[in-house]
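This document starts with one chain, in the form predicted alone, laid out as structure tokens.
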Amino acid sequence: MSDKTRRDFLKQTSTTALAAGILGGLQSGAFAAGSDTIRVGLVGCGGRGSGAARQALSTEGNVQLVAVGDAFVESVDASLTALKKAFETKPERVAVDDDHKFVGLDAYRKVIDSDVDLVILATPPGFRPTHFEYAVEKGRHVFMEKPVAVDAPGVRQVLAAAQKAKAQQLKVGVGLQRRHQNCYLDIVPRIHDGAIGDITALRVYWNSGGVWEPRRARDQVRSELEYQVWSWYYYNWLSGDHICEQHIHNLDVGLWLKQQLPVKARGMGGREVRADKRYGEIFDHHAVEYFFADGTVMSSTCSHMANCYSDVSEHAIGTKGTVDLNSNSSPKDNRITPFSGEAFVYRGENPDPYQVEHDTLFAAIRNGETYDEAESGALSTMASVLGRMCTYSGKEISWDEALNHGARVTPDNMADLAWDSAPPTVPDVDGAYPVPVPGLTRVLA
């Protein structure tokens, strides 16, 4: 069955399923046998990409991984080895032949151009807007990891592509899995219904010991760009700094609770612990205040400092009480505490939200339901970008200034990078990178 014919079939049979009242999720055998397979392509074969592929292949109904791509052959091989082991009892789900293993910076095009219905985008975030735009152009459903961009031009690119995806009725999921976690899905609507009154302040945190160490020495790579891509987390143009790459989860929850976008922000940050040149150019701590039009302030901190106090959580204060949220499943971490009356503590089940987000996305594809997380993912990404702009510059910056005039940190030729391309930042003769300096660094174009 051809690429176009199969997608038309899936769309037609989805309409039939809806007419029959199949709305509760996937049901094996709901479509004609042998013709209902959702074919998946994976772009970015690292840990998160491989995890997302495993979750996609664990959804109900017929699903196959048929094409994979990564900048490095080592990642392709490791990912397929792990996935084949995970699906030893269902080997037909990992159906990638040698002709559909793609390596290089252009591998994304080859995966998306393959005979796939949905593509998982899990490369370093700096590539996400380009990859998402191309996937939409080719009519693919998308699951993309967060953040969806690392700068304001990238956010605008994603927002524009999201409108085109919506016009084509493409389904788009974004890896902000707290929006698919039961404790949040139970408590957040209660807040919207007035359980703590009007929200007057929020606190959101991702303070931890940090992430993985840089992965390659200079004598193991062919170019400066390859050196940075291997250790992408430590370069702003690839990760957006950890305020974007990690703390976006907590900022997203804050915006979800408040149901508004901030009008401005200000903050401070720097490199105190993780200061060695091997850690590229990003900060190890950020503290930002986000201001809303009604006077509410969201206090935000994130840090990567070993042997220090750790906290990954979200909180709000309202006129009638408080709410505490945490992705941990412990009841004490997820509660509504009114100023008078009995507290509500979430004690329900918490199935793996990483799996649930794929279950709901694939159900939407099969059932012909609207599924669009691209815009909300882009706006939460922009909140994290705004915070970084404030900490790097030391300036107070409005949302409109940041979104419309934020400087590009990715290369102009992102779609056509080659290993001999020059990255946006390069080291000095001692191998040290230019680190942002508050008061001096410019973040507006």
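Start at 1 with the first residue shown and count on from there. Quick caveat, the model's predicted, so the values are computed rather than measured.
Below: the form predicted in complex with a small molecule, not depicted.
Q: Flag this candidate site as yes only if 175, 215 and 229 all have a heavy atom within 4.5 Å of the small molecule in the predicted bound form; otherwise mark no.
A: Affirmative, all three are within 4.5 Å.
Q: Of 250, 123, 334, 303, which one comes within 4.5 Å of the small molecule in the predicted bound form, counting heavy atoms only?
A: If I apply the 4.5 Å criterion carefully, the residue I get is 123.
Q: Which listed residue (286, 131, 141, 358) meets the criterion of a heavy atom within 4.5 Å of the small molecule in the predicted bound form?
A: That would be 131.
Q: Just to confirm, residue 402 within 4.5 Å of the small molecule in the predicted bound form by heavy atoms?
A: Residue 402: no contact with the small molecule in the predicted bound form.
Q: Contact between residue 406 and the small molecule in the predicted bound form at 4.5 Å, heavy atoms?
A: Because no heavy atom of residue 406 falls inside 4.5 Å of the small molecule in the predicted bound form, the answer is no.
Q: Answer with yes or no whether residue 240 is in contact with the small molecule in the predicted bound form, where contact means some heavy atom within 4.5 Å.
A: Taking the distances in the predicted bound form, the answer for residue 240 is no, it never comes within 4.5 Å of the small molecule.
Q: Indicate whether the small molecule has at least one heavy atom within 4.5 Å of a heavy atom of residue 147 in the predicted bound form.
A: Yes, residue 147 lies within 4.5 Å of the small molecule in the predicted bound form.
Q: To test your reading of this chain, name the stretch in 100-108, 370-378, 154-162, 268-276 whose heavy atoms come within 4.5 Å of the small molecule in the predicted bound form.
A: Looking at the other structure, the answer is 100-108.
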